[in-house]
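This document starts with one chain, in the form predicted alone, laid out as structure tokens.
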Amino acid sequence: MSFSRREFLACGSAALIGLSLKSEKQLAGSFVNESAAAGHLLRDRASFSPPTRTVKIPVVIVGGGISGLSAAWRLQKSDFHDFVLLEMNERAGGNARWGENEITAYPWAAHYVPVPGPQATYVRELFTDLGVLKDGQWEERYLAFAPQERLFLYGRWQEGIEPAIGLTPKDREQFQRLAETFAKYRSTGAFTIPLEIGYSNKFAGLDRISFADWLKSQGFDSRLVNWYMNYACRDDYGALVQDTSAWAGVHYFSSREAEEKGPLTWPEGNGWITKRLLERVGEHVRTGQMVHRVAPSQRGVSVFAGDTEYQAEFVIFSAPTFLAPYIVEGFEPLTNFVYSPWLTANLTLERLPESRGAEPAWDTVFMDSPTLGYVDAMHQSVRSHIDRTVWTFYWALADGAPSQNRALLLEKDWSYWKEAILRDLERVHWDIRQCVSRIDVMRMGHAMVRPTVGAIFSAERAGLKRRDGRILFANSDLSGISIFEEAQFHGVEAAQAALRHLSGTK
């Protein structure tokens, strides 16, 4: 049976309370990393106290996610140290933040990087710096251990997430034809990571229709094919196929090598990369500093955060671009930037649940669940026996309008989401309530940009990527796709643009 998000939650509070009564065990936990209240001050145009001090500095980086940290990394590597990075949260990292307890470190969002191809030169340079890539070889301990993925469908487990059991001849023909179609697009070289490397209007027409309409026009009507396409879009974009540009849908499957080795992962996910970057640039990072105003002028840019006015020559705006109309003076409203709300949770397990005949994998997915499943932080451990672990549970609220789902995130309390998560898990892990001791939940109202129809090739995005002014935009949302490689690319490109401007070269 298939459940939409609305159907999944339609049981209402009374039913969820009933579920909680089935378990005598009281679970610890709370909401963590909450930033909505601070963000809503910007949304509501709240007043802020005037600054009490002034700092003159050539470059200010706004936002401490992977884009901002990558910009700092490039400035530092270029022997330029006269900059500061301002981050509103108490910990830098953005979607690459991490947590840790007495068992293990664990991710709060992004948990892997696919092995980068030869065109992702900045990523390969970074991974060489971090010891992940040595003499052209990937460090084995950072490649996901087997088994990597498993899918629960038809009452049993299979290895891999693409459905492979219970297929009809029609299903098999469509999966094969879809793979051949994506291979043809891959061979054109127009679908690259980073996007800018192979940026071409050759297939721009795909950006003007939805992925759902494209699938239908190509005769892909298999239920399993469409489930898998929806899963891919929910996983990378937080959106359903009908809300995703066909160009972005094709890019998901045609931008990487078909038989790539990997992915690269760590117990704390991409938080491992954040930690390594902070070791290099942390002296420039100021956390708990929410930028509430950016005022450009002919002579430079003033950046206001806390009690300080930073007078800069250039600003690298690595925060999500949707914030610019609320922060940057004179910035016009945006029309092509839509963001997906997400919920993630970290579950501390005192023991593993019954596996139902399958070896635990790094990434576990349930067919027809409105959620995206979970990853196991201890999967990369070299211990011979593991009892306790942490599962990171992912839920992209893709069904329905993002604004309504953001309201839902804030409206429901921790107990509600705790029960919804356990309800999803116990459909497969019947004893999960006896295994879990703690559930911490993180709500992200604007977790990632959505590649909506017409967004990838919009004039609005093209203008922001020019970086010919004093404010250099750098968030991954400039690509319309929120992945590590895009965030890093734009951060590095913005840093290099700042260096060129400062040196007077073009």
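Numbering starts at 1 and runs along the sequence shown. This is a predicted model, so every value here is computed, not measured.
The form predicted together with a small molecule is left out here; the points below concern that form.
Among heavy atoms of Q289, some come within 4.5 Å of the small molecule in the predicted complex. In the predicted complex, the small molecule sits within 4.5 Å of a heavy atom of M444. The small molecule in the predicted complex is not approached by F182, whose heavy atoms all lie more than 4.5 angstroms from it.
Not displayed here, the small molecule is approached by G65 to within 4.5 Å at the level of heavy atoms in the predicted complex. Judged against the small molecule in the predicted complex with a 4.5 angstroms heavy atom cut-off, the residues A319, T344 and F484 are in contact without exception.
Site annotation in the predicted complex: the residue of L425, V241, L126, L323 reaching within 4.5 Å of the small molecule with a heavy atom is L323.
Interface residue among S255, N95, S245, T364, judged by heavy atoms within 4.5 Å of the small molecule in the predicted complex: N95. Only one of 198-206, 169-177, 86-94, 183-191 lies within 4.5 Å of the small molecule in the predicted complex by heavy atoms, and it is 86-94.
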